[in-house]
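Given next, in structure tokens, is a single chain: the form predicted on its own.
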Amino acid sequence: MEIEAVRGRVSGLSWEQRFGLLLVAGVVVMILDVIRRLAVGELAFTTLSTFLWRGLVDGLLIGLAAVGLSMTYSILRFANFSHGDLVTTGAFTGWTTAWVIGGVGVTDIGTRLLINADGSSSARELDLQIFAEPLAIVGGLIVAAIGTILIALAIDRLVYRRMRTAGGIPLLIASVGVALALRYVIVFFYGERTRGVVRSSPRLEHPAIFWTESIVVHQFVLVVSAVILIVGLHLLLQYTKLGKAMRAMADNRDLALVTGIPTERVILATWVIGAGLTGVAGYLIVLEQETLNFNTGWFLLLLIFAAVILGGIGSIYGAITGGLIIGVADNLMLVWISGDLTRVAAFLLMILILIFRPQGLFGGVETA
């Protein structure tokens, strides 16, 4: 009778749910295999902890960048395809500042302003790392946020504000045009060459608070910065008048307008906060990767959208959670497959979750 009951339940499932169950079984098998590998010594615990740490770093980067996209959607109701190039904008404005400050007395101002576009200098020559040039690194972080905010506000005033009543599709198409324009303005000034802009990070050997044998200092700075920003955003959304207005407008814009909430000010604040976080994310990505290219944000855009969709479109916490899931899954898959294929596994996990919860993990909870 029990077997028949199980068969009846399985036959009542849709094909999507059956596929989801198959993926769940696969995840369980992989978890058991990790335990087996640890038990027999095929996988060192320090290697596993390194994968988890790298997943946390990548996940926070993706999540921080995804927050701005999620905020834009929750307030303005359109998918902003220029978001990836705002990430790149933050990276270039921030690292231009870091080079200008850190290269004083080392190389000429033209080389510093164009971040070594002529190849006449190097990050090693400038000794551009957190311990040697903390003022340059921190100054670049601040300017990355401010510069991206100014660019985003200018784009909103020139393009998006004029189309605000046109609907989501025209705004989406316009954002694609904005993305291309931003990208090739950067190419016009900085060129297409990929360059190393940060010196290799120092390491802390055998840190007492970590399971890994060593930790990359720049990664630690990235994690601390991202956590501080995320906590600050949470406090703003939950405990300030602006945060309450943003949540109200995300739930029902017309009702928010009727009740006296200044919607244009809320939209302005959305751009400021979202663009600032996006610029910082772009800057920190380069701090971790140590190289800079005009396609940096564009290559990350698919992962950002995946994090937003996985967490639930419009949910800030969902975007962060989605980024962490994708980052950890991407790195843990290195236990079984090569680096070129790990991203496929991360997206399969996203499909698995969406099969059972199509609205995303935090679906229905917008802005906060």
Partner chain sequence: MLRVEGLDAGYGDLQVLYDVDLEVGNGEYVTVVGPNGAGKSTVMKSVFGLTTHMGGTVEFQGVEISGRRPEEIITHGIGYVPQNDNVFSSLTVRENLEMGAYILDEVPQDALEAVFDRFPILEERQDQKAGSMSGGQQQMVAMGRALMLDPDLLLLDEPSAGLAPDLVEDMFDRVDVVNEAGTAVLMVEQNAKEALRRCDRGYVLVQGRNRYEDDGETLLADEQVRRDFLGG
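Numbering follows the first chain given and starts at 1. What you see is a predicted model, and the numbers here were worked out from it, not measured in a lab.
The same protein has a further form, the form predicted in complex with the partner chain, not shown here; the description that follows concerns it.
Contact check for residue 262: a non-hydrogen atom falls within 4.5 Å of the partner chain in the predicted bound form. Contact annotation: residue 247 falls within 4.5 Å of the partner chain in the predicted bound form, judged by heavy atom distances. Looking at residue 171, you'd find every heavy atom of it more than 4.5 angstroms from the partner chain in the predicted bound form. Contact annotation: residue 125 falls outside 4.5 Å of the partner chain in the predicted bound form, judged by heavy atom distances. Among 216, 166, 230, 242, the residue placing a heavy atom within 4.5 Å of the partner chain in the predicted bound form is 242. Exactly one listed residue, out of 200, 194, 120, 252, brings a non-hydrogen atom to within 4.5 Å of the partner chain in the predicted bound form: 252. Comparing 97-105, 138-146, 234-242, 180-188 against the partner chain in the predicted bound form, the single stretch with non-hydrogen atoms within 4.5 angstroms of it is 234-242.
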